[in-house]
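Here you get one chain, nothing else, as C-alpha cells; it is the form predicted alone.
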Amino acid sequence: MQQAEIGLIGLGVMGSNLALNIAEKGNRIAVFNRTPARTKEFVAEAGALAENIIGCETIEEFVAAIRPPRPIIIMIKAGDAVDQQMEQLKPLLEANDILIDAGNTNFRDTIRRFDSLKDTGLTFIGMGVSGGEEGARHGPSIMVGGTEESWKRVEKVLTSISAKFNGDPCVAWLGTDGAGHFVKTIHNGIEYADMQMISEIYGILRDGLGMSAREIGEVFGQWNKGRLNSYLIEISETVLKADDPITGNAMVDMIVDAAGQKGTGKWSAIEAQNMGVAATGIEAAVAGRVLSSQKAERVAAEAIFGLPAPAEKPHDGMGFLADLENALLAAKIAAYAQGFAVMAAASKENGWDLPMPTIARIWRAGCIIRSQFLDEITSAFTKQPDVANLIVTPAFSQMVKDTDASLRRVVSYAALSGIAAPALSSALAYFDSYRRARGTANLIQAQRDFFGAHGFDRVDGKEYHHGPWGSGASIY
C-alpha cells in the first residue's frame, strides 16, 4: 500500500474537515482517532475522497502508514491531552519525524514542547490554523512555527490546502518554535477587538438610533461594499437579517448577550502587557466579554441605577451613519496597529524575525479577520517593514486624519447616551496618547519618586534624578 504523505490524529469537527481538505487536494493522508468507530465512520462518510485516506485503528498502524520523515498533525483539545498524545507517539517515531500541534495552543507551551524534543531526534511544529470549520475544510490561513527543515517537509501539503488570495497561498513559515502559535494568538486578539467594535456600533444603532436588527443589517451590507469590506462585516449582515424559526423575531434578539471566550484574546492582552506594548483595543474586548458574562449582576445593577436617556438623535441621520462607518474604520486601524506592535516586540524578544508583510498577506483570505483592509496593511509593511507603528505609515496616517473627527463624535454620542463603547473609546484614547509629544506621565514619575524614591529623567538632561520632597517623602 502506498504510504501517506502526512498523518492526522483527532477526527473532531476541525480535524475531520482538515483531513478532507488534505485528501481533496490530492494528498494521501493517514488518520487516527482514539475511538476506532469514529475512524471507520469518517472514512465511510468521505465518499470518493476515501481513496486518499488510510483509516488506522491502532497508533502503531497509523505511524507505519506515513512516509518518513513523518509529519503528524495533532488536532485535539489543547493542554495536557497534547502532551499525553506526544508521549504515546514518541516511542514509535524515528529521527526527523515531526509532531505538529494545530490547536489553539499557548505559544509558551509550544516553545516548551519544541525544546523537550531537541535531544530526541524528533522535532515539533506549532501551527496556527484560522478560518473555523469552513476554513479547515476549504482553505484556512496557516501560520507555521518550527525549524525551516520541518517546514520544507510539509510545505507542499500545507500550500495545497491553504486559502488563496488572488492565487497567493495564505500559508507561511514565520520562524522557530512558538512563532506560528504566537501570531495566531495575536490574530485572535485582533479578532476579539474587531468583533467588540462591530458590536459597539450595533449597540449605538440599536439603542441610540432605535433601529431594528434587519435595518442594521442593511447598514452593514452597505458598509461591506466599501472600505470596511470584510468577513466579519459580511456575517454581521447575515446574522442581523436572520429570523428565529420559533418566534419569527430577529434571531439576534433571541440570543442571550453573554459572550464566551476560549483564552486566546486573554493571552494576547497578557503578552502585550508582558512586553510593555499598549494593546488597549484587545484589552477592552477581553474585558467586554467578561462583563457580558456577568448577566445577572448587570440586570441587578440596571434595577438600581436605571439607564440614562439617549442623547438627542443627530439631525443629519445619513451624516451620522457615515460617522459610524468612519469611526469603525478608525478603531479597526488602532486594533491592528496594536496587534502588529505586539508581534514586533515579541519577534525581538524571542529572536523570531517575524515578517510583518507576510503575516498581513496570509491573513487576506481564509482567516476570520480577512478583509480588504489587510491588503493595505500588506502594502504598508512591504514599503516600511520596520516601521515603529502602522498608524504612522503614509497610507494609514492619512486614514487616521480622515476618520479622527468621526470617531470623536461617535464616542461622544455613546458617552452622552450611556451606551458602553469601551473598544471605540480605547481607540480614541490610544490615538490621543500616541500622538501627543508631551503627556502627563511626568506627574506619575514625580509621585513615584515621592513615595518610592524611584527617580526620574529630566528634560534638561542634568544628573539630578530626585525631587525636593523632604525627608518624609518615602514611606519605604
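Small disclaimer: the values here were computed from a predicted structure and weren't measured. When you see a residue number, it is the position in the sequence shown, counting from 1.
FYI, the form predicted in complex with a small molecule isn't displayed, but the following is about it.
The candidate spot formed by G131, K184 and N188 is fully in contact with the small molecule in the model of the complex: every one of the three has a heavy atom within 4.5 Å. Interface residue among N104, T378, S406, N224, judged by heavy atoms within 4.5 Å of the small molecule in the model of the complex: N104. The contact with the small molecule in the model of the complex, taken as any heavy atom within 4.5 Å, belongs to G263 out of P310, P355, G121, G263. Of the candidate stretches 166-174, 110-118, 263-271, 292-300, only 263-271 contains residues with a heavy atom within 4.5 Å of the small molecule in the model of the complex. For the chain shown alone, V219 is not a contact residue for the small molecule in the model of the complex, no non-hydrogen atom being within 4.5 angstroms. Proximity of Y336 to the small molecule in the model of the complex: non-hydrogen atoms within 4.5 Å are absent; the residue sits far from the partner. Looking at I368, you'd find a heavy atom of it within 4.5 angstroms of the small molecule in the model of the complex.
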